[in-house]
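In C-alpha cells, one chain follows: the form predicted on its own.
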C-alpha cells in the first residue's frame, strides 16, 4: 500500500515546531511494509488543506493527516474534512464521554471549547484518544483510507500504535520490510565507513544507511522479501559483517540509548555511580535517571559549575584549580575521585570543559572537555574536542562520559 502523510500547522512552516509527527508516522508505516510516497506540510488555510486532501487522496491508498483538530479558531481540519467528504459536523456521545473523562482527570470545568471537541464529521469512524480531547477520525472510500489525527505527538503516537498499525498490518500483500539499527558512538561517520570497508560488497543482500547525530552514528540495515526467514537472514549477515569490524563502537541496537545500556550493565553487576558535572550542567544525571529503575545504581548527581563549588562540595584543592585551571586533567581527576568518595559509590564520573562561546584560551580551545573516571582501582581521564556549539558540546560530553563507563566495565580499549 502507498501512503501520504499530511502535517498541518503554520507553526511547522515557520520552523517554530519541529515536525516529529511525520518522522514517527513514516517509520511506523514502513515497519508494516506500507510505502510512504510523500510527506506534505501545509498551513492553517482551508484552501491549502483541501487541495492537499484532494491531490493526495487521488494518488495514494492511505492518507494520514495530523493537526488542526483542536477547539481554537485556527483549528480548521474538521471543517475542511466535512467539505472534502461533503458531510457535516455532528455531536458524538462517545467522544463527549471521553472529553468528560479527560476534564475530570485534569480537574477542569466544562466549557464551550470542550463542547466543540464533541463534534465530528458525520460518517467517520472514531479513533479513541486516551490522552486528549481531540478524537482521531477514519473514513473509508473507494478502497482507500483517510485518517485524521491530532497534532500533539503524545496523543498521535498512541493512536498510530494502537489503531493505525493493527489496521494496516494485514494489507502488505506478502511484502515484508525489516530494519535493524546498530547504535554507535565515539567514531565519526567517515572513519566508521572506512572501518567497515567495502559498502557495495556489504550490501548485496540488504541496504545500509548511515545516520549521524550529536550522540553518534546509527547504522540502519534494511531488507525486503516475501519471507520473514529471508529478511532476517539478510539482516543478520550484514550485521555480523559490521560487528566483525566495528563491534567496539556499537553500544546498542534499534531504539536503545546509551543510558539504557549503561543502566543494564550497572544493574547486572550491582555497581553504583555518582556524577559531578560542570560543563554538562546536570545532563548526565538527567539522562541516567530517565531510565526506569535507575535508583538501583544512581546514587547522586552534583552540578559543581563554579570553582568554589568544586572545592566546597567535592574537596578539589583550591591551589589545584589555580595552578591548572578548572578545565584540566588534574581537576577532572579530583572531581571524579571526590564525588566517589563523598557518595561512597563504586564509580565516580566528572566533566569539566569549555562549552563556549566564550572562555577559550590559546591552549584551551572551545569544545575542550575533560572527563574523569574513578573506581576502587582506577583514576582515569580522557580529553575531547567537541566543537564550538554549546548545546552539542554538552550532549556529546554526556554521551562520551557514559560510553567511557561502558567501555571500562566491558574492558574495551578506551
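Only the largest set of C-alpha atoms that superpose within 1.5 Å between the two forms is called the rigid core. Residue numbers count along the first chain shown, from 1. Every value quoted in this text rests on a predicted model; they were computed, and no experiment measured them.
The form predicted together with a further copy of the same chain exists for this protein as well; it is not shown, and the discussion that follows is about that form.
Colleague: Could you spot which one of 36, 347, 368, 63 gets a heavy atom to within 4.5 Å of a further copy of the same chain in the predicted bound form?
Modeller: Result of the distance check: 36.
Colleague: To verify the annotation, which of these, 260, 309, 225, 267, has a non-hydrogen atom within 4.5 Å of a further copy of the same chain in the predicted bound form?
Modeller: None of the other options qualify; the answer is 309.
Colleague: Might residue 85 be said to contact a further copy of the same chain in the predicted bound form, defining contact as any heavy atom within 4.5 Å?
Modeller: Because no heavy atom of residue 85 falls inside 4.5 Å of a further copy of the same chain in the predicted bound form, the answer is no.
Colleague: Considering only heavy atoms, tell me if residue 27 and a further copy of the same chain come within 4.5 Å of each other in the predicted bound form.
Modeller: It does: once a further copy of the same chain is placed as it appears in the predicted bound form, residue 27 has a heavy atom within 4.5 Å of it.
Colleague: Are any of the heavy atoms in residue 298 no more than 4.5 Å from a heavy atom of a further copy of the same chain in the predicted bound form?
Modeller: It does: once a further copy of the same chain is placed as it appears in the predicted bound form, residue 298 has a heavy atom within 4.5 Å of it.
Colleague: Looking in the predicted bound form, any heavy atom of residue 41 within 4.5 Å of a further copy of the same chain?
Modeller: It does: once a further copy of the same chain is placed as it appears in the predicted bound form, residue 41 has a heavy atom within 4.5 Å of it.
Colleague: Heavy atoms within 4.5 Å of a further copy of the same chain in the predicted bound form: which stretch in 193-201, 77-85, 140-148, 233-241 meets that?
Modeller: Result for this chain: 193-201.
Colleague: Give, in sequence order, every residue of 198-215 that has a heavy atom within 4.5 Å of a further copy of the same chain in the predicted bound form, or say none if there are no such residues.
Modeller: Going through 198-215 in order - heavy atoms within 4.5 Å of a further copy of the same chain in the predicted bound form - the hits are 199, 203, 208, 209, 210, 211, 212.
Colleague: Residue 399: CA shift of at least 2 Å between the shown form and the other one after core fit?
Modeller: Moves: no, less than 2 Å.
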